[in-house]
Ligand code: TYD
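Read the single chain below, which is given as structure tokens and is the form predicted on its own.
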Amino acid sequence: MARSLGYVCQECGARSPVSMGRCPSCGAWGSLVAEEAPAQIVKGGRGGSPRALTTTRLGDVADAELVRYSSGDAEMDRVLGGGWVVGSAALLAGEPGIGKSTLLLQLAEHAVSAGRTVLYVAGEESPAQVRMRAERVGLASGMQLTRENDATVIAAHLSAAAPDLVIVDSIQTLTTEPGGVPGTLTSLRDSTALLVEAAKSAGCVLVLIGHVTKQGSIAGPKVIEHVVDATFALESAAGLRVVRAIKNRFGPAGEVSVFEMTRSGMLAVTNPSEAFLAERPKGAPGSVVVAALEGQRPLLLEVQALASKSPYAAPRRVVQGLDARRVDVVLAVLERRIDLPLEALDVFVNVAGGLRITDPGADLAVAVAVYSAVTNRAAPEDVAFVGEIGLAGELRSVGQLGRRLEEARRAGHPRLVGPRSADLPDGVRTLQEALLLLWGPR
């Protein structure tokens, strides 16, 4: 008799020992399904006799040759780490309508133009709808289309035909059994494992399109993200589209590429710093420019801060686009080391345009923006800021300061206030020195 292992959410993969109407992790209703264990587990392997473990000395392993080819788009090559890797599997996730299918259609067209074979598995749309979108963005692709949703049939075709590039739109529409239910936890897990194994054996580049949950995380069990070689997120920021590498076994994680969605499809943005700062107000207190680093790419972004008298006993701290805990540390340093009165103020901190940044070098920009908002004094227009702030109020060094300085100058901000180093010999050592340099004594 099968034994129950509990209940698993079909949306996010969370487990629960009891059945509940709503998943406690992602909040989806009716998504918890019982998971059964096999009736009997044979100890020691099949037939009761364990197989001998085979090992290989690391030094005797043959070198793996990494074969790449360009995706046809320089911006996409940047986030991929140099282009598609033969025999790799990638997952692209994003909100509905953000442009996942459009971007991959364009990349498929580039591959066909380069003489490569492409298979497009249209699980969500009919071939006529795919052709309509291709014509709308000016593509006349010679790629192969299919509406097949049986992952077993697709895997068999990959092994037999070995196309160069395979795009599955989307993995949530596939199942491994005839008449099976697509989108379930088991279907997602088994379909992904089956296609990835077939693509690696045949030397195909496999790209899976994935859905996201209401919370913005990738839908389905985490095993999908572990099985694939790279995971990318397509996000919207300041009216642009940002492809972010969450995981990449063949390139740097955290790398970003910026596109603009137009009637002609996705167009690469060659100067994203200018695009992100296009609507920055001039002479506004609380608005400063940070020289951030996302992956290996320096970007100039606007950090905004607003402080107002709080009607509540516990003032609010609202943060968007930054790590809220790091912002709390910066506010504590401003209160204790600079004596900035924040105990009765609501503080709002935002990265304009909606882009999320994880760079600790944004600490100084946050501190200057909050100080500017509280004192109602605008920061100089031609200055950009970078630096990590320690608990003693000191400025700590950040990575690739020279590239940040070069990008700041190129974007019209020749002065960079940051930690003193060989690349920035006229830098400052503490937060207090930075504020004195900008506005003098209080």
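The numbering used is simple: start at 1 and walk along the sequence shown. As the structure is a prediction and not an experimental result, all values here were calculated from the model.
Not pictured, yet referred to below: the form predicted together with thymidine-5'-diphosphate.
Segments offered: 305-313, 257-265, 336-344, 199-207. Contacting thymidine-5'-diphosphate in the predicted complex at heavy atom distances within 4.5 Å is 257-265.
With a 4.5 Å cutoff on heavy atoms, Thr231 does not count as touching thymidine-5'-diphosphate in the predicted complex; it lies far away.
Although the partner is absent here, Arg133 is a contact residue: one of its heavy atoms lies within 4.5 angstroms of thymidine-5'-diphosphate in the predicted complex. Within this chain, Val153 is remote from the site of thymidine-5'-diphosphate in the predicted complex, having no heavy atom within 4.5 Å. The shortest heavy atom separation between Gly353 and thymidine-5'-diphosphate in the predicted complex exceeds 4.5 Å. The contact with thymidine-5'-diphosphate in the predicted complex, taken as any heavy atom within 4.5 Å, belongs to Pro96 out of Pro178, Gly142, Pro96, Gly115. Residue in contact with thymidine-5'-diphosphate in the predicted complex (any heavy atom within 4.5 Å), chosen from Thr102, Ser372, Thr173, Asn248: Thr102.
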